[in-house]
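This text opens with one protein chain seen in two forms, each one given by itself as structure tokens under the names structure 1 and structure 2.
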Structure 1
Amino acid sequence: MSIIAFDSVSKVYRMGSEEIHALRDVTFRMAPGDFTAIMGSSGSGKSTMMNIIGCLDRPTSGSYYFDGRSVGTLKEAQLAAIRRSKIGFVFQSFHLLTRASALENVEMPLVYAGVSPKKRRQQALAALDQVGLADRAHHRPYELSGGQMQRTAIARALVNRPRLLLADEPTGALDSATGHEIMAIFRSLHAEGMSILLVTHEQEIAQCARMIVHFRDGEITSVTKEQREEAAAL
């Protein structure tokens, strides 16, 4: 069973009398435990696809199945439950709470999930340790480097033990050396069985994935599935 399945998915936005076709009849599969990169220029449809996968938007037509479940007919509360418990999000700009410590930032999804203080602290510390940041647990974002802030964001995405990790340009705000360190974390998570889908405009970053999907004008133009030797060099 696929963790992500698109069947003839289209997305149309209406701006006055004009229709913008962001996705055009997209069919796509991603297996559990896979590592996929989505590439494409601005306006190609990759961000729209990411939003639908993350249950932040709905298709205009076609069907989307997440982990075997049809998403299109779910109510907002059900979509929120999927986002909260089954999908971890990592963004280019980190989205950390500036007055909260790294530990408190990582705990936030567990607070919304109603987890007890003792248990959420244990899970948050374990997630920070998983990304090599346990020794910075009580530092606030302004006391962390860019790479450390992104590690914190990754730990926050992992703390609920999601089925899928979605990363939108996760190295876009980092220098190349730090970006490689972040991608090493993603490769390690993938080796442990995590399903990862990332959006990137950098070919070198995309090479870390097992599958690269290229978008243009709302359509998939190519899918490359073989493992690349270059990934080992990063």
Structure 2
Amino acid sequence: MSIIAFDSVSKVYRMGSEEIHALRDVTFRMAPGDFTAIMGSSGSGKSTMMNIIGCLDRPTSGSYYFDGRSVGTLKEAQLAAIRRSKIGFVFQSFHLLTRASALENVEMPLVYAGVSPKKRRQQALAALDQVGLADRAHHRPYELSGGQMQRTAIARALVNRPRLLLADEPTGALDSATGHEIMAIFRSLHAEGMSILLVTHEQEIAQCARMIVHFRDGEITSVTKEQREEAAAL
């Protein structure tokens, strides 16, 4: 069964009399344990798609099944429950709480999941350690570099051991060396069996994925699969 199943999903934003079709009849499937990259020009609907997949937004039409469950009929509280227990989201612009330390930021999903203070401290420290940031646990976001903030955001996405990790341009604001470090983290997570879907503008980053989905004007134009294996076979 697919972890993500989109059946002709559309998203239309109405701006006064104007209609913006951010997604047009998108049909898409992703198997559990897969590593997929989404590419496309700016404004082509990538973030819109990620938000719907992340249960933050709802399609205007069409249906979306997450892990076999139809999301369209769920209530806000049920969507929130999916977000905190099954999905980790790394946002395009970090979205860390500036008034809290890195550790507290990473702990936050566990607070809403009702984990005891002692246990969530342990888990948060472990997640920070996994992204190589254990020594910065008590720093505030403004005391961290861009790469460190991104790693904090990744640790926060990982801390609840999600089935699906969504990352919207996780390396967009970083230099290529730091970008590679981040990608190394993703690759090891994938090796551990986590499903990963990431948006990127960089061909090099996309190469890490097993499948690349190309977007233009809210539509999927092409899907490239299993590049590495094909390349290896040649």
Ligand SMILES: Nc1ncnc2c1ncn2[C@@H]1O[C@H](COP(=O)(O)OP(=O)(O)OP(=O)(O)O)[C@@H](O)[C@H]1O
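Along the sequence of structure 1, residues get numbers from 1 upward. In this text, rigid core is short for the largest set of C-alphas that superpose within 1.5 Å between two forms. Computed from a predicted model, the values in this text were never measured in an experiment.
One of the two isolated chains is the form predicted alone, namely structure 1.
Relative to the superposed core, Leu133 undergoes a C-alpha shift of no less than 2 Å between structures 1 and 2. When two forms of a protein are overlaid on their rigid core, residues whose CA moves 2 Å or more are considered shifted, and Leu79 is not one of them between structures 1 and 2. Core-superposed comparison between structures 1 and 2: the C-alpha position of Pro162 differs by less than 2 Å. In the rigid-core superposition between structures 1 and 2, residue position Arg99 carries a C-alpha shift of 4.1 Å.
Taking the core as reference, the C-alpha deviation of Glu143 between structures 1 and 2 is 3.9 Å.
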